[in-house]
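There is one chain below, alone, in structure tokens, taken in the form predicted alone.
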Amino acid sequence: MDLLDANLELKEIQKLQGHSDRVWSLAWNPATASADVPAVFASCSGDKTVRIWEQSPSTRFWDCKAVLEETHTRTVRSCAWSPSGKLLATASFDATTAIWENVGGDFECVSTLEGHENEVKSVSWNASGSLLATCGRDKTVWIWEVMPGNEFECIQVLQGHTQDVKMVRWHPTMDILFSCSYDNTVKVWWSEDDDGDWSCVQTLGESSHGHSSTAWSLDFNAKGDKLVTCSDDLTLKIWKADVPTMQSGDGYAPWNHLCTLSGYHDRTIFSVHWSREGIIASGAADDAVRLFVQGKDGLMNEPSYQLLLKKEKAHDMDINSVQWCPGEKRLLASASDDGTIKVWELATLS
């Protein structure tokens, strides 16, 4: 069934309260939300804590299963699960990144990564779980190698951004790292070979159809050949690259601007996430969530993306993060300055 022809609504399933300050970020555990494993996600907040939420198999509602506290001394800005779902990394304004391990239902802080001069803004695992990236207000991106025994070794500090780095994200299938910054650019970092140095191979800036204000967030489609970025300039931008060329070892293939979505949010777009079936969700300072899909009326080489649905007043304040659940159901979680998390289902109007 074509999504654009379906009569869909974003239905609020549950509002989760517990954080005593704004909720900055959330992350679904990729090893959950299958037939026999309940969906789990983590949320992090200005209250210096991380909360672990799990869906009850009987009631289908989410409950707070754990509060990770007394480790970070300032805001926890970002959280990310390792691909196996066994480790959770949390990045904080206290200049550290903590690594938590789930030991029989209890989360233990097994490692603390230090090195950034000040606030750490984002953390991301690569597809194999062998590398971790962090970034921060000190304008740097750090790449850490995961060693045996929960040890983490910094293998390189990447410099190139001229301002605060807001987010880091690894490509879903290749060891290519992306960073977005207050300097309005998205930078692409890659290493020619496994042991080589990482370098910036491309900068998506205003001169290359990039953003004209802070780049806040990015995500990839399921195939990994398209990228979506969002910004303080009130736009979303779609980019495409020749991924098979890169996967075959023929060197780096650049990302090219496909289209710009503008006029849908009237305040800063903070978060963007692409579902496995191709729905782009955006969350913004206008308290609204928007959903987009690739349209049918684009020319052969010019895909158009169309608004699928808009949810005004999804929260009472800025929406900082929107994340699709990895499971089969069309579940979306959103986190806000209003201190709450909401779980939504994209459902057909009955």
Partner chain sequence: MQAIVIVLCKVSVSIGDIKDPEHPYSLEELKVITEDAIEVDNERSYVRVTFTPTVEHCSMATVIGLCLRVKLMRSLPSRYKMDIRVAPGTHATEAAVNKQLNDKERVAAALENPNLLDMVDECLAPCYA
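Everything numeric in this text was worked out from a predicted model, so none of it was measured. Numbering follows the first chain given and starts at 1.
One more form of this protein exists, namely the form predicted in complex with the partner chain; it is left out here, but the text below deals with it.
This chain is displayed without the partner chain, yet in the predicted complex the stretch 180-188 from 123-131, 151-159, 180-188, 253-261 comes within 4.5 Å of it by heavy atoms. Heavy atoms of residue 164 reach within 4.5 Å of the partner chain in the predicted complex, making it an interface residue. With a 4.5 Å cutoff on heavy atoms, residue 285 counts as touching the partner chain in the predicted complex.
In the predicted complex, residue 317 approaches the partner chain with a heavy atom inside 4.5 Å. Looking at residue 220, you'd find every heavy atom of it more than 4.5 angstroms from the partner chain in the predicted complex.
For the candidate spot formed by 86, 101 and 273, no residue has a non-hydrogen atom within 4.5 angstroms of the partner chain in the predicted complex. Proximity to the partner chain in the predicted complex, taken as a non-hydrogen atom within 4.5 angstroms, holds for one residue of 170, 198, 216, 107, which is 216. For the residues 82, 75, 140, 202, the 4.5 Å heavy atom test against the partner chain in the predicted complex is passed only by 75.
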